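Take a look at this one chain, the form predicted on its own, written out in structure tokens.
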């Protein structure tokens, strides 16, 4: 009995120790450093420098704009792809092949994939060549060094997460409910928006939160595809740690990004909570 309790204690204690050592303590160090300065001790000067400066608000706006658009595009593209995999594909072998093709890029470093998009999005890259061959443009478009180029790279990297989460939610929907709606006179579109979509909203929200969290904290893809012409908050914080060696100001930037991200995610979750089936009254 005692050995069983000891085993249970270590099974519970080890995850707590790992979480504390690799997450809570580093976060605490960053938090404390953001409120201190070498010569002044405790101070709010770093946060005042961020919140009272127009340049920082511009960087924050750019960061959230890229993250929000990346999330919306991933959800808009991910839902049809998930529908195709779950509802259209009948052969299990082809479905497995599609899932493998979907997740295979995840085994490649973001750096490698971002460098690949640098080649594809160049003025003489495949994307411009294809657009010019189709007659959609007369001369090469500038993708690198723009938010559009960053969005393309971010969507490519993050799209699998929305497809997988939405696909899991779709697979759990009882098709009998959709058939019941059809029997009651609902059109396919009405049945989808009244039955299917609300039942998969938790999967949509899960995928959106994952994509948004990864997009807003992304550094490699924006740094490579922006060419230094577009700055996001993660790049600014990394610059303070790696180049300027101002850990206090870098910590304040990191905490600001964390707080704003959690606030926006909480707001989105609160707005959609009442729309999820069973979240309203009883």
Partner chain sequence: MAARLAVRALALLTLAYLALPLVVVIGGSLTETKFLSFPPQGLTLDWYRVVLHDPTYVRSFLTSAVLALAATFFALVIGLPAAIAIARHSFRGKGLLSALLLSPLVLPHIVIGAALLQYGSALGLVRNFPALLVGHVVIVTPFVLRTLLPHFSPGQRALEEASRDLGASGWTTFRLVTLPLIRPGLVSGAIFAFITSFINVELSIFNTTAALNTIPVQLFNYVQYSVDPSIAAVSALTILAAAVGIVLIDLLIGLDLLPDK
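Residue numbers count along the first chain shown, from 1. Treat the numbers as computed from the prediction; the structure is a model and nothing was measured.
Note that the form predicted in complex with the partner chain isn't included here; everything after this is about it.
Asks: If you check in the predicted bound form, is residue 179 within 4.5 Å of the partner chain, heavy atoms only?
Replies: Judged by the heavy-atom cut-off of 4.5 Å, residue 179 is well away from the partner chain in the predicted bound form.
Asks: Using heavy atoms and a 4.5 Å limit, would one call residue 38 a contact residue for the partner chain in the predicted bound form?
Replies: Residue 38: no contact with the partner chain in the predicted bound form.
Asks: Mark residue 187 yes when one of its heavy atoms lies within 4.5 Å of a heavy atom of the partner chain in the predicted bound form, and no otherwise.
Replies: Result no; residue 187 lies far from the partner chain in the predicted bound form.
Asks: Using a 4.5 Å heavy atom cut-off, state whether residue 168 contacts the partner chain in the predicted bound form.
Replies: Yes, contact at 4.5 Å.
Asks: Ok, 230, 66, 220, 50: which has a heavy atom sitting within 4.5 Å of the partner chain in the predicted bound form?
Replies: Exactly one listed residue reaches within 4.5 Å, namely 220.
Asks: Name the stretch, out of 193 to 201, 134 to 142, 179 to 187, 150 to 158, where some heavy atom lies within 4.5 Å of the partner chain in the predicted bound form.
Replies: Of the options, only 150 to 158 has residues within 4.5 Å of the partner.
Asks: If you apply a 4.5 angstroms heavy atom cut-off, which residues in 247 to 268 are near the partner chain in the predicted bound form?
Replies: Heavy-atom contacts within 4.5 Å come from 247, 254, 257, 258, 261, 262, 265.
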